[in-house]
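Here you get one chain, nothing else, as structure tokens; it is the form predicted on its own.
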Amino acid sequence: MAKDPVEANELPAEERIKGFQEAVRGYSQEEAISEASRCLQCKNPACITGCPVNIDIKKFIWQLSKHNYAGAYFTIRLMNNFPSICGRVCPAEYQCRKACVLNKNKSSYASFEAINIHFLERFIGDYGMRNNLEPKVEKHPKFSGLKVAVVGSGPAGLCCAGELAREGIKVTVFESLQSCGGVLGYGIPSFRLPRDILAAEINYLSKLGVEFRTNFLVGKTITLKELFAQGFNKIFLGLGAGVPGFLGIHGENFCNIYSANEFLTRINLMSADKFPRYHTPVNIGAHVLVIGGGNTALDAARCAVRLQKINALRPDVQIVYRRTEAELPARRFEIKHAQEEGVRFKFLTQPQEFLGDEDGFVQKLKCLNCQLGDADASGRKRPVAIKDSDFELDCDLAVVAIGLEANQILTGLTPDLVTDKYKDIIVNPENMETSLKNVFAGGDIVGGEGTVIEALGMAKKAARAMIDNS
């Protein structure tokens, strides 16, 4: 059994920044077998409980190690409809890999590291796509007349649709945008999640019988009551958190200051990086600042580096963050990639004011140095601005990536749908049902921004409740 983990193949950083091709190339068959052989096949595999959707990780890795790739594929699919997506974007180091026994017993396995479960899942998911492994649908007579409307085609909506469709339930997904995927499509760059992978995973749901209706804004085009009147028995709300947060500082309305939402949507969904071949432009500057420290901030920064390179500019992108690297909420994996690609980090820095020119374009960001104080409600040390420590950073383009808030288009028009002070939908945690009977919800619209796999976990719980009570 190999002791050292098998690293996934990656494009060199100097090649990555030339465009939006996938940065991580994954495992070959031989590499996947070698990595799978490191699994101890624990009697009580903690990795399974570390997975929000409880994939039988032990079993699928065993099947993979025995070259039973189809068996491994269907083992994963029992619990997760999107292995190729999750294998690419899930923060495994905080979930299944964190629970791996090879992390817990460093004294016994000094040279071991946690199994790269996510790369193995990706390998198996891609194998299933390449070999056109067909979904299995269990049709039950009692579900023959049941119709479910899923509002939103992000991770939660897609997952709920898949879980229901596998039982033979008729599902229609309503999506307000022109293409499906939600944040998977507009928020995650193609160098992390290629569009053909996303399309293939959605096509899998079509094979299960899911119907997709795009350019359809539930709440405006149709109300929840009208959906019920049209014959839908149950509704799932996967609305996401699509409203960007802002700093609330002077000068934030200068030209060339984007929310991360707009910046990434223009690139990821509207192909602004290919302007003028595609009709949506996006500005790029010589000195780009991205404010924030999550995965969205890193995605924006890495996109900016690529746009600078495409436009023959010397890459100059900085992430401005109030805490230190230790407190960055982004994945370590993505931080490493950003650093390799030339993104610089300005830590312990508090934005104070944007400064612009007479034409209304941003030119600089005025900041204060910070120091860390006591821990706040998040458990991280609170940044405290240092008086009279102000300085300026050159900035002819800024991207604000400090988080997203609840989308209120539907909830604002549905007064009986109870929300909390953040306008997130309140649900019964046992079954994800909202204050409205037969209306369920999951994903970022419940409890704020989370990971893809956490959204899948909520959606699976909601789907199971719908199935069990039908």
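One rule holds for the numbers: they count along the sequence shown, beginning at 1. Please read these numbers as outputs of a predicted model, since none were measured by experiment.
Note that the form predicted in complex with flavin-adenine dinucleotide isn't included here; everything after this is about it.
Trainee: Taking the shortest heavy atom distance, is Val427 within 4.5 Å of flavin-adenine dinucleotide in the model of the complex?
Mentor: Close contact is absent here: in the model of the complex, Val427 is far from flavin-adenine dinucleotide, nothing within 4.5 Å, heavy atoms only.
Trainee: Would you classify Val288 as touching flavin-adenine dinucleotide in the model of the complex, given a 4.5 Å non-hydrogen atom cut-off?
Mentor: Close contact is absent here: in the model of the complex, Val288 is far from flavin-adenine dinucleotide, nothing within 4.5 Å, heavy atoms only.
Trainee: May I ask you to state whether Ile249 is within 4.5 Å of flavin-adenine dinucleotide in the model of the complex, using heavy atom distances?
Mentor: The answer is no: Ile249 has no heavy atom within 4.5 Å of flavin-adenine dinucleotide.
Trainee: Check whether Phe216 has any heavy atom within 4.5 Å of a heavy atom of flavin-adenine dinucleotide in the model of the complex, and answer yes or no.
Mentor: Output for Phe216 is yes: heavy atoms within 4.5 Å of flavin-adenine dinucleotide.
Trainee: Looking at Tyr186, Phe212, Tyr127, Phe354, which is the one with a non-hydrogen atom within 4.5 Å of flavin-adenine dinucleotide in the model of the complex?
Mentor: Exactly one listed residue reaches within 4.5 Å, namely Tyr186.
Trainee: Exactly one of Gly292, Pro83, Gly238, Gly162 has a non-hydrogen atom within 4.5 Å of flavin-adenine dinucleotide in the model of the complex; which residue is it?
Mentor: None of the others qualify; the residue that does is Gly238.
Trainee: Since the partner isn't included here, can you check whether flavin-adenine dinucleotide sits close to all of Gln21, Ser271 and Val343 in the model of the complex (heavy atom within 4.5 Å for each)?
Mentor: Negative, none of the three is within 4.5 Å.
Trainee: Which single stretch, out of 415 to 423, 441 to 449, 64 to 72, 25 to 33, brings residue heavy atoms within 4.5 Å of flavin-adenine dinucleotide in the model of the complex?
Mentor: The contacting stretch here is 441 to 449.
Trainee: Taking only heavy atoms into account, state which residues of 389 to 407 are within 4.5 Å of flavin-adenine dinucleotide in the model of the complex, ordered by sequence.
Mentor: The stretch 389 to 407, when checked against flavin-adenine dinucleotide in the model of the complex, contributes Leu404, Asn407 at the 4.5 Å heavy-atom cut-off.
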